[in-house]
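Starting off, we have a lone chain in the form predicted alone, written out as structure tokens.
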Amino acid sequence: MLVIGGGASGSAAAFHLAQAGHQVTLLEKEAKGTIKPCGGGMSAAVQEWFPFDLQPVVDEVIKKVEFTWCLQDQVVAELPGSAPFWIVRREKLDAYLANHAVNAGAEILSPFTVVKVKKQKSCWQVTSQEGEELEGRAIVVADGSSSPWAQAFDLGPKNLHKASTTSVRIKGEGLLTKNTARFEFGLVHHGFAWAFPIAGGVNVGVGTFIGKNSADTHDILKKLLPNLGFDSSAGKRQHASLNVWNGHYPLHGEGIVAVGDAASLCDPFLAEGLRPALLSGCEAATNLDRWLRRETSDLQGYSQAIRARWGNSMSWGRRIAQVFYRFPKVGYQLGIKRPTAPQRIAEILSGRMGYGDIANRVIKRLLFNR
């Protein structure tokens, strides 16, 4: 059993497969400790998918969310106490999950850059940059948005919808209130900016979600960072491209599945990527375990589970995003400032509600009141 990519989704899959008694090799191309351009926010509800405590890698528990338009017109929402929002450092979370996978019996090869993947009769074969070859009965494709393998084997959407992000990790708390996340909608054309507190610092980001990246991130950060209590040039910029959800497509083939960003599961409205990464890693392991034990004849159950547990909500999230980001000022007035709206977004972030629960009302409100 081969897992290409040692990030959150790949490590989650490797842990559950190893725990189920399968021989697992986790292939990771990056060196340990590499800082990843990710806000690091995820619902605390993900804890239910793991038999070990995730709290050791939680930097901050978010209890309140602040929304602003052009750094003003603030709206505040309290998160449900029973399901808060967690902030983690991706490098810590990924390493933590990978270590649990190793403790469960998995093997890690790092650095290991996969340059070739092919089907060989009843098994899969991968080849590294150095020419090393490995074989396995099945493969989990978990090497992120830049993965070449998902499209090569017809896993996920035919046409990728890319979101462009710039992340900045800054030392110090600035003016950000403890246990509070910030979303800024007015400064970014077709997107938003965010600020999440971490231990000893803040993760700040800018993302655009419709069309080509037209955001001047330098000018946006020049305005945003001082408002957060930091110098306008603070922190190191990291740029990334995310594959956001773009329709219902099979995520499985014969002995192969795609998970996380490689499967284009990122939330098209709020850019949440960690929850679907962990969900897909766990679901992939469950269905692969059944397939490897010949309890099922194919891996269709994996695609069906992700559609039911994530994709159906994201189809509504995509429609909301298309309207909201085209008419952002109207969206902020009707979608954020409405008395019940912030609490609904808070419940979506905490995993207690899906976009389908609010979509029809929100879309009609945005379209007919603009």
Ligand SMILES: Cc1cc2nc3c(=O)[nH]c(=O)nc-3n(C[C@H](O)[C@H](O)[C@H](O)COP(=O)(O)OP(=O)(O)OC[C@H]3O[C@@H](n4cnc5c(N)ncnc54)[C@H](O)[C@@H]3O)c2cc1C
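The numbering used is simple: start at 1 and walk along the sequence shown. Treat the numbers as computed from the prediction; the structure is a model and nothing was measured.
Below, we turn to the form predicted together with the ligand, even though it does not appear here.
Handout entry: the ligand: the contacting residue among I220, A271, V126, L299 in the model of the complex [heavy atom, 4.5 Å]
Key = By the 4.5 Å heavy-atom cutoff, the listed residue in contact is A271.
Handout entry: One residue of A234, V188, C282, A240 in contact with the ligand, assessed in the model of the complex (non-hydrogen atom, 4.5 angstroms)
Key = Of A234, V188, C282, A240, the residue with a heavy atom within 4.5 Å of the ligand in the model of the complex is A240.
Practice task
Decide if the three candidate residues C38, D143 and A277 all line the ligand in the model of the complex, where lining means a heavy atom within 4.5 Å.
Solution key: Verified in the model of the complex; spot residues all in contact, yes.
Practice task
Considering the ligand in the model of the complex, find the one stretch among 283 to 291, 221 to 229, 256 to 264, 100 to 108 with heavy atoms no farther than 4.5 Å from it.
Solution key: Among the candidates, contact is made by 256 to 264.
Handout entry: Contact flag, E30 vs the ligand in the model of the complex, heavy atom cut 4.5 Å
Key = E30: contacts the ligand in the model of the complex.
Exercise for the section: Examine M1 and determine whether its closest non-hydrogen atom to the ligand in the model of the complex is within 4.5 angstroms. Expected result: No, M1 sits far enough from the ligand in the model of the complex that none of its heavy atoms falls within 4.5 Å.
Handout entry: 4.5 Å heavy atom contact, F112 to the ligand in the model of the complex
Key = F112: contacts the ligand in the model of the complex.
Exercise for the section: Check whether R90 has any heavy atom within 4.5 Å of a heavy atom of the ligand in the model of the complex, and answer yes or no. Expected result: Contact with the ligand, yes.
Practice task
For the heavy atom contacts within 4.5 Å of the ligand in the model of the complex, list the residues of 300 to 314 involved, in sequence order.
Solution key: Result: empty, none.
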